[in-house]
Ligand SMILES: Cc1cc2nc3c(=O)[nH]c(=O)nc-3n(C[C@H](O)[C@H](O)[C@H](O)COP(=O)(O)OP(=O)(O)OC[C@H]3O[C@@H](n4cnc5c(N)ncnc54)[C@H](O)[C@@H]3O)c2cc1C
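Here you get one chain, nothing else, as structure tokens; it is the form predicted alone.
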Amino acid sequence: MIPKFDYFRPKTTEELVDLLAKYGEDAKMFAGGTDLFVLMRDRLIRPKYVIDLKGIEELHEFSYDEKRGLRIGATVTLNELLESDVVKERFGVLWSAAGALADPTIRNRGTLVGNICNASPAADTAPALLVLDAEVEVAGKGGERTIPIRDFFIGVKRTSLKPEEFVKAVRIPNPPAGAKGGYYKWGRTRGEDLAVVGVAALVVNSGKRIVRVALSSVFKTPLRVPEVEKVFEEEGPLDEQIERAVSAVQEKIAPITDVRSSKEYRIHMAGVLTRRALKELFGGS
């Protein structure tokens, strides 16, 4: 059983803003509830008020514009992302990451916004959003603001959201022309599992090489490694650049030892997955 709470289902963002302003830290929001209700069941959190976002039609916007890119509302499910040809063809790293998260049943309720607001260091979609330079649209009683995804995560299960704020949508600009991307996840089992290590990579190999790499489960937050990008700003043989990128990743991360893995194994697998991702995306074996 989960603790008792008062339930609200607002129909507009204005109603939601008023509820958050009134109840603040005593309230928790959900769209899919796949994280929230597990935490409540385990008595890790005990909100007095639970706010269901699914009744707010505005938060279900899922649109693509050739100039402005992709906009994913707070209640858009992960399965909806996976069913989108635009996401698969133009934002492949996000499509790959969404498909690696949990299982089809969970993805039918779980949302992209919920995954990032949970702010787990192991969040599968967060590294993809980091290499895509996503932005988070936030609203509250004080108005609206935009937070670059690189500034959204501030600690384990902590974001830069204020208690009275909520995420309206995630905006993702078009990737560079010719970009390819993928998410490479290593878990304890082949089925549903949290990432022991996850690596999102985006590369461009037409003319000047462009590479972005971000990881999950190796730091207190999902982490993009700008040192990798600097490696490919210089000329040099591709194999040598990849090995330097692997070293940059292993030097930057700071994983922990827990019930799922030792920190040494995470460091090793971060290197393995980074090498694998870059070789495959650059067209190697």
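Since this is a predicted model, take the numbers as computed values, not measurements. One rule holds for the numbers: they count along the sequence shown, beginning at 1.
Note that the form predicted in complex with the named molecule isn't included here; everything after this is about it.
For the candidate spot formed by 30, 53 and 117, every residue has a non-hydrogen atom within 4.5 angstroms of the named molecule in the predicted bound form. When contacts are judged by a 4.5 Å heavy atom cut-off, residue 95 does not count as touching the named molecule in the predicted bound form.
Within this chain, residue 36 lines the site of the named molecule in the predicted bound form, having a heavy atom no more than 4.5 Å away. The closest non-hydrogen atom of residue 181 lies beyond 4.5 Å of the named molecule in the predicted bound form.
When contacts are judged by a 4.5 Å heavy atom cut-off, residue 109 counts as touching the named molecule in the predicted bound form. This chain is drawn without the named molecule; in the predicted bound form, the residue among 87, 204, 122, 149 with a heavy atom within 4.5 Å of it is 122. Among the residues 72, 167, 131, 199, the one placing a heavy atom within 4.5 Å of the named molecule in the predicted bound form is 167. The stretch that touches the named molecule in the predicted bound form, counting heavy atoms within 4.5 Å, is 74 to 82, out of 74 to 82, 204 to 212, 140 to 148, 170 to 178.
Scanning 86 to 105 for heavy atoms within 4.5 Å of the named molecule in the predicted bound form gives 100, 101, 102 in sequence order.
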